[in-house]
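Next up: the same protein chain in two forms, each one alone, written as structure tokens (structure 1, then structure 2).
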Structure 1
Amino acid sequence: MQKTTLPVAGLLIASATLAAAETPGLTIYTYDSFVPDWGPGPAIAAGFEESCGCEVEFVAAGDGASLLSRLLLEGPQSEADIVVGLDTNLIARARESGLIAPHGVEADFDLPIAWDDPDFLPYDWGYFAFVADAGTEAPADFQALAESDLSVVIQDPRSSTPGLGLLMWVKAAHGADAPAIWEGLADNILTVTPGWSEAYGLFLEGEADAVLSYTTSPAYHLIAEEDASKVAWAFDEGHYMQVEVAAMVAGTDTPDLARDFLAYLVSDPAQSVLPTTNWMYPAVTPEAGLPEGFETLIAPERALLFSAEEALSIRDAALEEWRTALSQ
């Protein structure tokens, strides 16, 4: 057996070294949905390679949380020059590790909140929201949802980024009353899935009235499938944000190239790729504006977001409240 696998591995190593010798390489760790042909990765890499005289290699490592755990596992010897795809819930942990270096890139962000972080550069963002069929009666806030007979699918905050987002959303909107909100929601929550994909799949199968996703999700159905039947519920409390960030790895051997890439990531060509590939709002609105269809999305009046440090400090207690309320 080993006889058959080892030469294959050897061959792969050889070809990888060969490629590396010709042009400088930039290794970017990111999450799964960034890299496929229909994701933002290929277009952004191609755009950057036109001017950098380098070769961009993506390493896809599951979702944002696995991305961070891979980086932490590898420590200072990591191959990564850049990470793309952490969010505000993961930033504090990443910063604490000392593996991230300041990026020094300036950009004029169009975020609903002020952003001033020397280490982490936002490239896109969105609001969490419940997504439902247009015909379903929409509750106006968490309280109304709890009092209704509507069923929702959510993700587990212990294994999924959106799940953690919802936990923070309820906490940010209701503070000390969060446990009561969760108890009220308990009978509306059809089930809790390990990740976003399973939950969204269940919703599309018609298992539940709504699913926790993003305000931008209806744009996918509208633009990619020409299906206008999905809407996001606007909640009066405001919506919690997810800000996706990129960062330069401190141990990179090509810091200049890494900075160039980060600058490219928030430049117009890269930003215009994101809305219809990553289905999020670009961090810097492109000159040509947002793609047609995005104007139909709900625009929450209040944007909720804990700072990275707050998010880390309240996470364990919020998780325990969630678990207790839903375990009864």
Structure 2
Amino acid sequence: MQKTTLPVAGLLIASATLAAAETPGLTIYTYDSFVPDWGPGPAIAAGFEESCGCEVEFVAAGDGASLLSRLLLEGPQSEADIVVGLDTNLIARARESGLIAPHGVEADFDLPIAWDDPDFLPYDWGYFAFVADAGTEAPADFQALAESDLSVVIQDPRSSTPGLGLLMWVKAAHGADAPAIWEGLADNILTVTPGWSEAYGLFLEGEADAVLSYTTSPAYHLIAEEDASKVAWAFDEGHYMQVEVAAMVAGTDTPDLARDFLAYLVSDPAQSVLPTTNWMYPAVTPEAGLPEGFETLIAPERALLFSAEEALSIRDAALEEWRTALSQ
């Protein structure tokens, strides 16, 4: 009998193909700034892959609100196993879609609020704030900002979680007077960007006096750049809180692997990565504590936050108030 032999190169290709087919994969939709080398994604993926025997693929889908829009557009046919980067202002809408499954993960969260949501897992949190150079005279509140000549860059609430957070911030602080606040702020707004990265870039290029960001943003400049020249303005009426969450997509083909990733996301190795890559407070304080420099950040005297249901119910009206003021 004549024997046939497969060339060595062919054997290697066949073996690699077989190994790739046997390696489970996890597709995670998230926002743009989570994915780059300077973001938390690569380190978290590498840490999880060491124990899971799988491959993690992060898919950047714009900012947080755009992330939800993509998931809703794709529906049950979505290739996502997990979404990372929604927040409390988007939770109710995501839950109503039926595309989210319970995560089954337990953790002892260190959040300013109680958390017992079975579908959405918090992984970090912070407060929205305007960030400026330390030498810029800081307004005490929204009204003072509106009466000043200061220019600011903000994000679009239809595509960005900080942009939507600003709408909720103004509404929570001023209620029925929110339209008047927006009318006053219209002249201060230099431009509205699709997402956070574009807005912060314009600020760093000197295009505006301040940018909508977080009270934790100055920590980046202080720790990563040894630059203490950036500060967050403290507003007397309080600051709106953001809790960022991850969730398992109901249509995932690998639910056990997805739950394992979510459990890893709130473990000490992953939580330790977040303060100096995502520049937010971790949902579970790392065993080593927060990095040096976080103690210099402002601590709002009043935390503002709508429930997920309240945020959904007022979103359209708040968006119309914002749109009307800026179109005049």
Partner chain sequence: MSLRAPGLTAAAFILVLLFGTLAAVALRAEPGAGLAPADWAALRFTVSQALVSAGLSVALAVPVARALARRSFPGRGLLVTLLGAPFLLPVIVAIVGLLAVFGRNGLLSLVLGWVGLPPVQIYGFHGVVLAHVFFNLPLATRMILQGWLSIPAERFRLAASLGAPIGAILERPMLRQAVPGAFLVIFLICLTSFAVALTLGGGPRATTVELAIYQALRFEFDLGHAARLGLVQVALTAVAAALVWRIAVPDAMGAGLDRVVPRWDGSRGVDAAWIGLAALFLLVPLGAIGVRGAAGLADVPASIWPAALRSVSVALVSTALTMALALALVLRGGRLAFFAGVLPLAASALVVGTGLFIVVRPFVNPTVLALPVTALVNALLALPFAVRVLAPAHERAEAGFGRLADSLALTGTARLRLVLLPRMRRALGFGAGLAAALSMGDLGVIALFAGTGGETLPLAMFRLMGSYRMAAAAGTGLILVALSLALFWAFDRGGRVDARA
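Each residue is numbered by where it sits in the sequence of structure 1, with counting from 1. Source: prediction; values computed, not measured.
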{"query": "Structure corresponding to the form predicted together with its partner chain", "finding": "1"}
{"query": "Of Pro162, Met241, Leu71, Asp81, the position at the hinge that separates the two rigid parts moving between structures 1 and 2", "finding": "Met241"}
{"query": "Turn of the lesser rigid segment against the greater one between structures 1 and 2, rounded to whole degrees", "finding": "15"}
